[in-house]
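Only one chain is included here, represented as structure tokens and corresponding to the form predicted alone.
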Amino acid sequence: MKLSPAQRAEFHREGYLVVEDLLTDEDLQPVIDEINEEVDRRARELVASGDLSRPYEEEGFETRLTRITAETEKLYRGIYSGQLSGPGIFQLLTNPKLVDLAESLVGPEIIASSVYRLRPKVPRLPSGVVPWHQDSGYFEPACDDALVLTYWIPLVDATPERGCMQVIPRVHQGRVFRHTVQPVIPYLVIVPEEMPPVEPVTVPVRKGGVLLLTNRTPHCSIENVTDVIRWSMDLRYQSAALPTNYRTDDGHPFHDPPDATPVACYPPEADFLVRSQLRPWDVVTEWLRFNEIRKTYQSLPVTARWDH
């Protein structure tokens, strides 16, 4: 499936687009199963270490981590963000439905960005509320004017009550606003005096749907005030012509950037090639290779553009 001309026009005009019913339960279940297995394994380890009273195995996907986190945040902090790199996550990153849509916007030579994130929004947990920011605030300035496409993918229905996303439309063609690090929880946040005077849009997305964002679209996620976890993932794709730290099987850089160009749009974590007509032999098609790339990559810092 490719985006229609009308969908592409809406995305470029608004800075975001919802595509409903793109993914099926069959597409999402491997990730859910993988998360459940990881939560179960780690819960039992915490019980064995004395950090958790019991593993709460009677709870389901939407509630188990809440019960565990009420006793200890160790499990939550151990799986949050991009720490996991199992076969289910790789299967989602390489899902042809997602890559096809990405091709509509970034072209046929596609890097799966290192910045994929697992987001378990546990009810009333402060770190689950993500402040207003642009993804470009986290990336290298050299990539500001390019498109690093974000897919925000709920693994359960994402309603306003569960803490769905909010976006500020039609300001993504402008500059990257100044960000600062918020106190206590170290997220980047757009400084208040730079926030554009545009009414935010709340964007609920049902399981199976996806929200597409540009890297310069301001967005946030709101508090989960229900009793269930709002599980989601965000994945990112970019043109292979942009800076990337992907290295081929023989250890060579995918392309040699000029001296003044950063090694990648996000140097701390490892990219990989997910689709190519020009160099199909360099596409990563096996989970073991993906996992090796993630585990052996030597992290590099991002330019300290915001003095943090």
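Each residue number is its position in the shown sequence, starting from 1. Computed from a predicted structure; not experimentally measured.
Not pictured, yet referred to below: the form predicted in complex with a small molecule.
None of 201-209, 170-178, 87-95, 118-126 except one has non-hydrogen atoms within 4.5 angstroms of the small molecule in the model of the complex; the exception is 118-126. Note on the partner interface in the model of the complex: the residue among Leu149, Ile190, Ile110, Val130 having a heavy atom within 4.5 angstroms of the small molecule is Val130. For Glu140, no non-hydrogen atom is located within 4.5 Å of the small molecule in the model of the complex, even though that partner is not displayed. Put simply, Ser114 is far from the small molecule in the model of the complex: not one heavy atom of it is within 4.5 Å. With a 4.5 Å cutoff on heavy atoms, Ser232 counts as touching the small molecule in the model of the complex. Using a 4.5 angstroms limit between non-hydrogen atoms, Ala158 is distant from the small molecule in the model of the complex.
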